[in-house]
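Two versions of one and the same chain are coming, encoded as structure tokens; call them structure 1 and structure 2.
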Structure 1
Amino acid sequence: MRVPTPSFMQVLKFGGTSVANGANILRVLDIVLEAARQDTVVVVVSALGGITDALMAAGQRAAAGQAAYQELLLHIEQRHLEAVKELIPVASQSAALSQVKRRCNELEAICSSVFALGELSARTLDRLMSFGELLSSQLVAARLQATGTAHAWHDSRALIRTNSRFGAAEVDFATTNQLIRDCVAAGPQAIHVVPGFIAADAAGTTTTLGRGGSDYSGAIFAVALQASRLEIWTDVSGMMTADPRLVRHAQPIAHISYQEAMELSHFGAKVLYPPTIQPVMHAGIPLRIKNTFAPADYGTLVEVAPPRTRDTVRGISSIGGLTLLNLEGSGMVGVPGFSKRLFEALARERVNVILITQSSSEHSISVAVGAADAERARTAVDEEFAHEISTRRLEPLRLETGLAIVALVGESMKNHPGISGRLFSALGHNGVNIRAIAQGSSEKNISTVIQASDVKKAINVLHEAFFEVEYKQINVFIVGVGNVGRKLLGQLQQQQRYLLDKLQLQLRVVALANSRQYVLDPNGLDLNTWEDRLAQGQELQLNDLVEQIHALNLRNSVFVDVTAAAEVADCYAALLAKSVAVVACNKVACASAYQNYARLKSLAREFNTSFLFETNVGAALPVIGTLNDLLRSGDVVQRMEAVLSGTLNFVFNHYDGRRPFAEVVRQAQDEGYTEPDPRLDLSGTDVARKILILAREAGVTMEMADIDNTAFLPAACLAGDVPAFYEQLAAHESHFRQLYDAATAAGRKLRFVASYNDGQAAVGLQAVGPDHDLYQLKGKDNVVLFYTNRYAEQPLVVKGAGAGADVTAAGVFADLMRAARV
């Protein structure tokens, strides 16, 4: 790489959106005239936006015998005639209109021949596509002519010499450099206008430089003229840290090295055509990417040694539409030449290899290619290794489709350990499976092959991890907006600003559902108006909601179940298997068959996500968390004794025989302490579930049927519906009064106690005396006593409010935060 000698020459290339119409071309000429005040300027022009595609389509239709190609030609002609009328005063339009008509007549003649032959060769396609740049550059020149601005228009086919590889011709730089220098030196004008993308071979036949080749044309002219700089003018303000169409918070890159720009452009950063960089890099010519529609923006400067920044990663890019070719077999191990034969077979079919990875055992090699080349590649490779396949030394080539590459790029990555770890961790926590990995020897690029459907999520996750130090976005799906759900939404609304400012968490509620309907907004719901939005929502089908969560594939997704419904719990497995974290207030899943409980825990581990259910026991009390901490630190639980029903504790603390038992239970329900069906509490079923969950978390394999539940309710109270339940409570008042009186006479209090000891669990009503740890328990409080190897004599006690919508919502919120901070 050399530093160019001082020059007073600039090369400005303008893309298709920059010259899409007459109004845009006027913007372009303002930029050109400003530059021409100081330097001689070469203006390289792309075809009007969309015209190259229209030319290709016209040729393909003609070759297919479809007369509709004429409609496309008419559209192309009309666009250019309209541009003439926008650019040039009426009195001066005649010459420009005639020039457009003449070019379009040539175009019509070529397409007619293609239509008659039913064939479109690569050579003819290059000739067809050349008309886009010829017409647009002549429009620019016509405007300069109409305003009396000194300029020269040159046909690039007379200046850029290539071989005859139509579609992607290779440049003869020695001849081309001399032709360009002689041409520009011969003209005194300050402005030289040339069409991009097109060139010619030694016989003068039109060739093209590949799609996006106008950028490359700019580099060719810059190197030939030893320009002071090359500017690529487009519709964005430079290169970005990620594709702004995929990442809302993508940031502009002010400075970047040639090598980094080359890596990013190769891996899908479409703002720059990859071959553009090589010539200017070797010539040491600075390259700046600018925005035609915001010329004051700094853009991106591509240079030898950009200023250092705190970012170890410069940008994230991706390529879609890939297929992974997998060649496997024991016959490869220790046998030289297999890789050579593989790549030669692909080269014969002109299949471009994008990424390569090989196992250290030499048992397999994987190659990523464009999906359009996959079947040709399969045929070529299977033919090359036909003998090894027939003798079973190799397997037939296996294809994996629907893939993409996501790449991290940055020169500083090689000096910073842990970049790969952060990449894999971020993707893993979001369920993005990596099919293959490659890292260049320069360590400027780490490439991962993933499912194409995961690209948007992956790029957002990585951008968040490496660039968005301000915050992490959490996407929440909440099912259940009853007492607890409403309190949770109120707490989330209240804390949104705090979470953003203090914890750098942007929490978005993406979906809400009740038992009848749901509302979903990928951009997040306004928590001030959620009730109105939900009232207008769609009919709830849980499977449809789960499918939409999967389809959205949002990063850092958390599903929150604030119901008691078994059908909602049945969705957990499908969510965990897609790395969607689950926070469950609902106890159904963890108290279901042990096999299901264990499977859900296993899925969370397997798919690197969270399954959290602290509120299953003790509402917001840290009961399960404390138990897990004991076990993780090596302690062993010997026994547990607990009051786990805030409802029953509230009832027995308030029942004194002066008010009917049924009235006290009704009060507990009205104040939000009971389950939706109070019988779950009073029958002991809910408490049995809780001690079952604690036993399982302590490592015991136990089923609900293993728990001894000594009921205190008469059987008649459990028959019928909830209104009938209250009627039967009233009818059996004498039974409850007798229980109370017997305990009081003995100086005791009634407590519904859950216990676990030596693999056995039981729940039931007990009368405890003043010397018992549970005697002084007040109100709706819960308490759990853990007797362990370390806490053998004096138990570890967790005590506090164990019921109520506010505290339960707070416990769900805390689990949500745990899932968010993983």
Structure 2
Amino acid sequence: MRVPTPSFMQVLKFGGTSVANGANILRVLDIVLEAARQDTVVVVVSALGGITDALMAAGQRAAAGQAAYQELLLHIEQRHLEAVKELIPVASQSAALSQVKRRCNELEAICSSVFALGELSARTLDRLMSFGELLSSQLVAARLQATGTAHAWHDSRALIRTNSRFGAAEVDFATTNQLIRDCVAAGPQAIHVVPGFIAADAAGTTTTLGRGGSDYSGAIFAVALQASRLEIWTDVSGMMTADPRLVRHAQPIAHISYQEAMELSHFGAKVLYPPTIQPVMHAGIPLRIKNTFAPADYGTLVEVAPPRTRDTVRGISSIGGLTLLNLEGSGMVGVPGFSKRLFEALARERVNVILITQSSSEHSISVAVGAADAERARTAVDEEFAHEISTRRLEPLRLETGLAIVALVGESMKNHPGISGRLFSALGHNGVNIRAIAQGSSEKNISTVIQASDVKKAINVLHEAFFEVEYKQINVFIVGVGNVGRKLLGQLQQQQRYLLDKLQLQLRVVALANSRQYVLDPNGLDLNTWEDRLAQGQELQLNDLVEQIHALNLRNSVFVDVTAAAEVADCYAALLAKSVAVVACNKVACASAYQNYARLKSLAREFNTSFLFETNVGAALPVIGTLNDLLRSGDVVQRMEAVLSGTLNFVFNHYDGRRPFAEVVRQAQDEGYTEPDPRLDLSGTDVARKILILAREAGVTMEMADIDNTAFLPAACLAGDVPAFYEQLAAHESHFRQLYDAATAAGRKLRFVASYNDGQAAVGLQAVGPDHDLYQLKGKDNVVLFYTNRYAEQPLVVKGAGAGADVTAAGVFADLMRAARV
């Protein structure tokens, strides 16, 4: 006979997924039998995955008078009968089948009384829920029985003694320890199977330990038996750096301290039920989290002093469904006892306080509680302070709902400055508004209260900032797949691999739109097949697209406008106000009313994001960037002189009277240098927009109407549509010929020049001589001469190709990288 001694005892707890069906239970038993080769093993089992929820739902339906509760009971019975059939040879199934049927009959009897009474008390609910673990643990025992493995099954209700707080009963450890020791230590078996989650009060009435409470049962058995270890077997390979359902790149944490594990689970890491840790920590029992489906994985070891790692933050977790209670008023300042009364009022109502912050002025205290407790808390607090409220020394309690906490956890954070800074900047750049913050003085935990709808984004942003230094995701929304858009997609596709390998940047195009349709895929579109996807896309409503961008709420979102459309420019404000960066080669916004331009710039500043439009002037040439650099470093722009139209420069460099002017313009359009509407170029309007944008960027308040535009086109050319425009160009050939001949005769060249001088801007055709800076300007090149305080005599010159889809796309790409702050 084997007499177990405490040091040869292990407690293994298996969660709902681990025992979800017969096949999984077989895996569980492999693990158990392996452990039992060395030690006595206590196996604590959860209900089959989903059964506790089904039991609750059945009770609630019955109480609501819905006979459909019976369907749920049938489903519950079915799942267990199936598991019996998977686990036990046909010849010996009958005992196990009838055991399941007996339990299910009992269950049916309870539910029908609930149905008859139309009432479900907490006490009855506990009784109902207990069937999940009773059934699952008996299934495990039945399999051991069928395979002739020595074992004992015990009803935890005879072993774990609690008070009568149904739903989340508190354990009487002295009695429990004795009951467990007497029972388990006395038995000869090497394997003991017990249901998790359930217990009983002194009267023997069934209680439960709270949802997820089987973990806690494991700890209770481990402590009572002074086990050498407690293993929590679940469906993931350990406690992870973040909830793997929210963060794709979450990684298991190999080593963690009890304190850290406690903080993570307290702040929502569901993998471990929070009360589990305290008892094993006190008893010095190592706690391990392992994956039933990958038993060879290391898992997580929770211990006193885990080895140091590079990561200062050990993990990130979150809890949703919170309400912030704000108590405010001048009456609190300097008066002792307010917080005491506040917390006593909350305690009387058994309101669980999750986070507390107090402003240093003592003007306000904020307390985060579960939403279900909020109204009770309000009544209790307003009653407690009724006198102060009536005398206006305090405001009535103010509630903010729909909130969540995201917490960074790690004991070595206290030795590392700058963690909060990184947290604030990562969240700030992504438009996540922080409603409250708390940092324990022990600095194991920095908690932020944010909107529940921001949780997924916030956790991913923080996970990137603290665990994926080498990996950043940029989410791009592109509107426009014309000349430039196509080239941009080609460049992105070509660079995707490079960005990932060299810059650790995952650039994902999440949405793509032309003027009619759009396609959106939260996981990123395949840039090899975007044309097909877009062809099957949905009808485009820009407002809907913007709403979807907001609803997706993805981190590092950048909206790219490669259209020339005013409707698209009208969306920028809504995007910037939600911290979505905007990159535009579309000039409409920056050349619109000054007020609109200024508002977009200030929205970008206010919401900590970028509004970038380098390609508005000179395609990819660093014109706006250079201008900004000059100003930021204290220089002052006196004068600018520029050729800013690739189209016009191309036209005047190619027109020599031998081919008609109209034909040369047509060639410029065919080669992709013109605006979609070439009249914008030829009329000088496009150049006027550019010098306007430069003047504005130089700090001048200016409108389009302030620019002096001396047209060189006969008015008739602009009277009709684009085909009429070309006809009129042809009809006025002699006019263009004359301009050319006059210039050539004087040894000059025609340049369409934009100039800015001391607050005044003008555009117009000039014939410039060989000694002029603008004379030598080939092809479709642009040039900008900046005369500033520092560049007073010789200008700072930016020169190069100023038009063309390829270079414009490259400029947009560069802005995109800047917006992503790479």
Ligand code: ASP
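Since this is a predicted model, take the numbers as computed values, not measurements. Definition used throughout: the rigid core is the maximal C-alpha set that superposes within 1.5 Å between two forms. Residue 1 is the first residue of structure 1, and the numbers go on in sequence order from there.
Participant: Is the form predicted together with ligand ASP shown as structure 1 or as structure 2?
Facilitator: Here the form predicted together with ligand ASP corresponds to structure 2.
Participant: Once you overlay the rigid core, does the Cα of L603 travel 2 Å or further between structure 1 and structure 2?
Facilitator: No; L603 is a residue whose C-alpha shifts by less than 2 Å between structure 1 and structure 2 when the cores are overlaid.
Participant: Core-aligned, is the CA shift for S92 between structure 1 and structure 2 2 angstroms or more?
Facilitator: After core superposition, the displacement of the S92 C-alpha between structure 1 and structure 2 reaches the 2 Å mark, so yes.
Participant: Verify the C-alpha shift of F166 between structure 1 and structure 2: is it 2 Å or more after superposing the core?
Facilitator: F166: C-alpha displaced by 2 Å or more between structure 1 and structure 2.
Participant: State the core-superposed CA shift for R123 between structure 1 and structure 2, in Å to one decimal.
Facilitator: Comparing the two forms, R123 shifts 3.1 Å at C-alpha.
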